[in-house]
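Before any questions on how it binds or moves, here is one chain, the form predicted alone, in structure tokens.
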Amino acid sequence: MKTSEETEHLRQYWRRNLRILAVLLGIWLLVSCFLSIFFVKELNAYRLGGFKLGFWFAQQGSIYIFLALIVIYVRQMNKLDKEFDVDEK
């Protein structure tokens, strides 16, 4: 049976995990919906690698950013696991 201190420790861990998820999903929503759909006309005024920026976000940029978010999540969770001493040793 867990003590109340252990339970509070795990709650803090879970809250921090949810905060990381919320930030990363917010970035994903911003990039995948707002940048590639809603602001495509404004972004198409700029070019990246020869392609219009709105097109780039819609076709490739969202995928690259999503992969980067996965890497960031893994690193943040490994750091959080060590901080709360729940990492795999």
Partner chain sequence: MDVQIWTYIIVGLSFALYISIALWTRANSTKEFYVAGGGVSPLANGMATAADWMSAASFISMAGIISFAGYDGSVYLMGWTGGYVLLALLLAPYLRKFGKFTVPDFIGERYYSNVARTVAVICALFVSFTYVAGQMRGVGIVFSRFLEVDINTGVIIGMFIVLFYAVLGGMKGITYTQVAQYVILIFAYMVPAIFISIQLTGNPVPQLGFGGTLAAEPGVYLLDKLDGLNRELGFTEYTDGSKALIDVFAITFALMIGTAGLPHVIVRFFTVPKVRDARSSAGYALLFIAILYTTAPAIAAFARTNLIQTVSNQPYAAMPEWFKKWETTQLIKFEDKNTDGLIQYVADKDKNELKIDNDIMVLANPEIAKLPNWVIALVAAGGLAAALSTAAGLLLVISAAISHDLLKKQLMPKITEKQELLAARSASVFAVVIAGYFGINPPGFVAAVVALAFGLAAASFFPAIILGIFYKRMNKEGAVAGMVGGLLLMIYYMLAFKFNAFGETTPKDWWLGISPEGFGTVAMFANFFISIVISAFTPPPPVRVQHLTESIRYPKGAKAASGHH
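Everything quoted here is computed from the prediction, not taken from an experiment. Residue numbers count along the first chain shown, from 1.
The same protein also exists as the form predicted in complex with its partner chain; that form is not shown, yet it is the one meant from here on.
The shortest heavy atom separation between Glu83 and its partner chain in the predicted bound form exceeds 4.5 Å.
Contact annotation: Glu5 falls outside 4.5 Å of its partner chain in the predicted bound form, judged by heavy atom distances. Its partner chain is not drawn, but in the predicted bound form it has a heavy atom within 4.5 Å of Leu29. Shown alone here, Phe38 lies within 4.5 Å of its partner chain in the predicted bound form, counting heavy atoms only. Taking a 4.5 Å heavy atom cutoff to its partner chain in the predicted bound form, the contacting residues in 3-40 are Leu10, Arg11, Tyr13, Trp14, Asn17, Leu18, Leu21, Leu24, Leu25, Trp28, Leu29, Ser32, Cys33, Ser36, Ile37, Phe38, Val40.
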